[in-house]
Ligand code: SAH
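A single chain, nothing else alongside it, follows as structure tokens in the form predicted on its own.
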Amino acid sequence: MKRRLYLETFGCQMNVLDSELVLNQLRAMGYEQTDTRDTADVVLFNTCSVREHAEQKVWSRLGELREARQTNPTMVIGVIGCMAERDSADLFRKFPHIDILCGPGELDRLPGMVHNAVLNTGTARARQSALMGKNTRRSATLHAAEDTLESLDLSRSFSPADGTKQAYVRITRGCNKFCSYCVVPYTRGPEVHRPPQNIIDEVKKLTDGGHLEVTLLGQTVNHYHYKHPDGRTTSFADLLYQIHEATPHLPRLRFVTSFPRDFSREALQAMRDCSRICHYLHIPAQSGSDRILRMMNRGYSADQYLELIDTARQLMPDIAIASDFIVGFPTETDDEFQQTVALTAHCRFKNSFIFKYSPRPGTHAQERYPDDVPEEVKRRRNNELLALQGNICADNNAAMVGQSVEILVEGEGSLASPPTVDAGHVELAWEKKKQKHPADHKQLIGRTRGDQIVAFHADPSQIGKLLTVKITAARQMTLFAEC
């Protein structure tokens, strides 16, 4: 009988990919995925340490499993990902029912750890951990980690019967930026760049299997540079060109997340010149204040960020750009926050992910800077920036009404109905009647090449296809269309 595996993922796209790779390995060992946590034979949480809220969810889940373990004493419980790497012994101490801890740099060892834990549930349970620790920053250890982790990516498998049309492909692991607020360099280790041919082969395999969109992943994806044994270097721009030319049947290629300091004009030109690379950038600014950017150790000024955004729009007028911001960073003044407001107003982002600063244990900011901006001030700044971005989103979306756009249909949805007042036009009773949809049509959700969300009604058989639709109405976060 197959053993049941419950795997829950928190955090970024990198964690989503890690979970997919882990799931592939465990399926090959006979595990069957289940959505029922408390009756699973193995429960794994793939965790994130970037935001406090994601960590709190994991604490809650682990607390709930105390009772489940009592009713299901052979259940194996594992915490993998960034929390496992950062908290290590503290997790075992707070939650003694945990059996496995495995950091993101050791995931190739996880299948064996799970297998050993399952075999030993009838005897004295032995805790297992596979963590990088500080020693992985030594070059000798780094090369060993590179070899073993590369095999995890190369071993991925999928079935066209799954119907999945979108996939992530990792091009770098780890991060060397050491932004003062960020724990990622400590939990994912130093930056390692995968060989370009391995990446190309992986994208080819996905394309041959019917995938229509591939997203290249990296903590700072545009910093990719692979040094070949013969001394040559493949840059990020080179990699984009090579993947584009090697996969002519892949309709969409995109990438996240970009770092402003390293984004070259050559990479922007590759986006412009390669017709199947999506004109979309997720490129976090974090602040509009040069002083705060220096405290964050970001390595660029607000003017340099604005110059990059303006250059991208000169080369690709239709480009959609998303950003990230932290408000209430230690010592941030009202004037400095208003500089962030001004930058946001100038850039007119497609959307922004806006967070109130919270100290992350083990980071430079947590150790050196007092968290001295009052919570009510953080909340006010957060709400003000959200309101501004919301108005920009509404304006950007309204400007798309009447356009025909290509979307990749992702699945069924349950989003709000389109507004009854659109561009000064009041919907009449006969128009409402005209807009009724056939009984077999459902609301479907798709995404444009610029990552805008589009809702429309059609037969569910359209899921997984590329369609051209006409935008008929818009809300702040959603476009509505007819096909």
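Throughout, we count residues from 1 along the sequence that is shown. Only a predicted model underlies this, so the values are computations on that prediction, with no experimental measurement involved.
If you look for the form predicted in complex with the named molecule, you will not find it shown, but the lines that follow are about it.
Not displayed here, the named molecule is kept clear of residue 173 by more than 4.5 Å at the level of heavy atoms in the predicted complex. Contact check for residue 72: no non-hydrogen atom falls within 4.5 Å of the named molecule in the predicted complex. Using a 4.5 angstroms threshold between heavy atoms, residue 95 stays clear of the named molecule in the predicted complex. Taking non-hydrogen atoms only, residue 324 approaches the named molecule to within 4.5 angstroms in the predicted complex.
Judged by heavy atoms within 4.5 Å of the named molecule in the predicted complex, the contact stretch among the candidates 63 to 71, 454 to 462, 47 to 55, 33 to 41 is 47 to 55. Although the partner is absent from the chain shown here, 219, 284 and 298 each have a heavy atom within 4.5 Å of the named molecule in the predicted complex. Taking 168, 355, 226, 369 one by one, only a single residue has any non-hydrogen atom within 4.5 Å of the named molecule in the predicted complex, and it is 355. Just one of 280, 337, 305, 181 comes within 4.5 Å of the named molecule in the predicted complex, counting any heavy atom, and that one is 181.
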